[in-house]
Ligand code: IVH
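First, one chain by itself: the form predicted on its own, in C-alpha cells.
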C-alpha cells in the first residue's frame, strides 16, 4: 500500500521518515531546554527562541495527529477537565516522618539507631547521615514505565492516594520521559520505576496567585503549602499549569509487576543505589531536580551545623522551608532499621522554631470534647501568625494553665505548634494588669454541671457525664460524620446542633432513621438540602469497617490502628471474636490498644449499637481484604474492564481482585470483553459497552461474581 492509499484510508496525512525525524529532533531539543530551564536554572535559549521551536512542533503534530505521543512537550497541558479525582493504591507505602526539636532529641534519635544495629565496616566508611532542607509542600509518588511517566499520586493515607497524573504532567521540572539528558556514567532506568518527592509552590508564584485572587474578589490562600496542595488537586489541568508549581525528588526504587498485589506491583522495591547520596546523584543524572541543600554528615554535630546555618538562610530561599530532614545514608542500614506504624526509624525531621508574636488574652474559655476532656482555651485579640489570623489558642490542660499562669488581660507570646495549632508560650509578667486573677480549675462541667474528675495517671480534667453531656454527645456525632470517619457530606456542626435541639439525634445510629419530613422542620432547611443530607447519609452506609471503627471513637484507635485491625479481622464478627492477645499480636497495635478495643467491644451498649447499625444497612466489613484473603477461579476466562469511580473500591483494587480470582483486567472495551464494571462518571467505555451489548456490572455485581453468587 503506498502513502496516498494510507492517507485515503486513515483520513489524515501519514508522516514520512523525514517528518518523523524532524519531530524527534524537536522533542529532544525542547526536552533538553525544559530541563535546563526548570531543573538546572540555566537556560540557553531566549523565550522567543523556545516558543518558535514549540510552535514548529505543534504545527507538525496538528498536521500529523498520529505522531502525537504521551511524552511530547505539547502534551503537558492537554487533558480535558475531569469529573473528579480517583483513588489509587501505592505499590509501597508512603510514610510520614517523626520530628525532633532540639539537639538532645536529635542525639537520642541517632543513639537509637546505633543501639539497634551497628553497620558493617564497609558501610561505616560512608557518611553516616545526609541532611536535606525540608520543603513545605505536597508529597508525590511518580511511576515511570519504560521511561514514560504513567501515574502520579498524592500520599493520601499512605496506602492509597489521589491520581493527579494529568496535573503533574503540567509541572515543567518533572520529566515526562527519562532520562532527559542521558549521562555516560548514569545507571540504566528500571523498566518500572517509582520516584518520590515534594511538589512545592514557589514564593513568587504564591504572591502572584494571591494577587489574582484578590483582584477577582476571592479569598487569598493562607500559605504556599495550602495553595500548592489545592493547585495539584484541580480538576482542570490548565489551572494547575497556570499555578507554576515546582518539584524536588529524593527517592527512587524499581518495581516488579505482580498479579496478586492490589497496586499491580510487587510491594518489595529494589533500590537503585547503595546509599541515599547515590540515589540523589542518580536522580539528577536521570533529569530530576533534587534539593539544592543536601549535605553529607558524619556526626550529629555536623548535622547541627547545617541546621544552624540554614535556620537563617531559609528565609531567603525561593520556596518555604520549615526544617531539615536527616536520613541514615546507607540503604542497607535503612532496610534493617525498618519502620514503625507511621514513620521510618532511619529518618527524622528537625522542625525549626515557629514564628512567635505577642497579643492580649480577652478571656479564658472552656471547651468540652467528645471524650469529656475539658480544655482551657485563650480567646485572643486577633494576630497574624504564619499566614493566618489567630484568635484562639489552646492552653492544653489545667496543669499547663497553672504552670504558665495565663490570665484574662495578660500579654502573651503565641506560636503555632508544628506550624498548625495556635499555642500560648508564655506570659509577659511585667505587662500584667494589677487586677487580674488566676483561672480556677472547675469542679463542675461548664456545659452540664456534672462533677469533674481525672483518670489515674492523667492530667486531663474530664466531665463525668459521658453519655448525657450535650457537648460530648455533639462532639461524638460530629466525629462520626467527619471526613476521617464516615465522611457524611452536608452534615456539619450547625445541622447536628439543630438535630440535637429537636431531639432527632442521640447516637450515630439515629442518622440512619432520619426522614425528609423531620429535616424539613429545621430552620433554613429546604427540600433539596434535605434530600442532599439523606443521600449523603445513605452513601455513608458503604464505608468500610475501618471508617466505622474510627467513627465509634474507641480510645487509642485512630485511622492507622483502625486500618490495621480491619485488615487482620475484616468483619465486625471476626473482630468481636478476636481475643485481646490476638489483637495485640498485630504489628502496630500492642497490648494497651488491644485492651482498649476489647473492653469497648465487650460493653453491652457497644454490642447493641453495632447490632443496630448492621440492621440499618451499614457495611461493617472491609471488602477488599474479605475477598482477597485467598484467590479462586470464579472469574477464570473473563476479560473485565473497570471504569468510573466505584463506591468503595479503587480501580487498582478492583483490578487486583479480578486478577486474584482468575480474571483478566483490561483497559479497553471490545467484542471480547466479558463485562464492564461501572462506577460514577464512567464515560465513553460505558457507551461502547452498551453499543456492543456487553454486560454492565456494578461493584456489587463484581463482588457477587467473585463470591459466585451472581453474574459470571
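If you're wondering where the values come from, they're calculated on a predicted model, not measured in any experiment. Residue numbers count along the first chain shown, from 1.
There is another form of the same protein, the form predicted together with 2-(butylsulfanyl)adenosine; it is not shown, and what comes next is about it.
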query: Position in contact with 2-(butylsulfanyl)adenosine when the complex is considered in the predicted bound form, options 372, 344, 158, 376, heavy atoms within 4.5 Å; finding: 344
query: Sole residue of 250, 310, 333, 398 within 4.5 Å of 2-(butylsulfanyl)adenosine in the predicted bound form, by heavy atom; finding: 250
query: Which of 323 to 331, 107 to 115, 507 to 515, 478 to 486 lines the interface with 2-(butylsulfanyl)adenosine in the predicted bound form (heavy atom within 4.5 Å); finding: 323 to 331
query: Touches 2-(butylsulfanyl)adenosine in the predicted bound form: residue 423 (any heavy atom, 4.5 Å); finding: no
query: is_contact(residue 89, 2-(butylsulfanyl)adenosine) in the predicted bound form, heavy atom dist at most 4.5 Å; finding: no
query: Interface membership of residue 132, 2-(butylsulfanyl)adenosine in the predicted bound form, 4.5 Å heavy atom rule; finding: yes
query: 4.5 Å heavy atom contact, residue 173 to 2-(butylsulfanyl)adenosine in the predicted bound form; finding: no
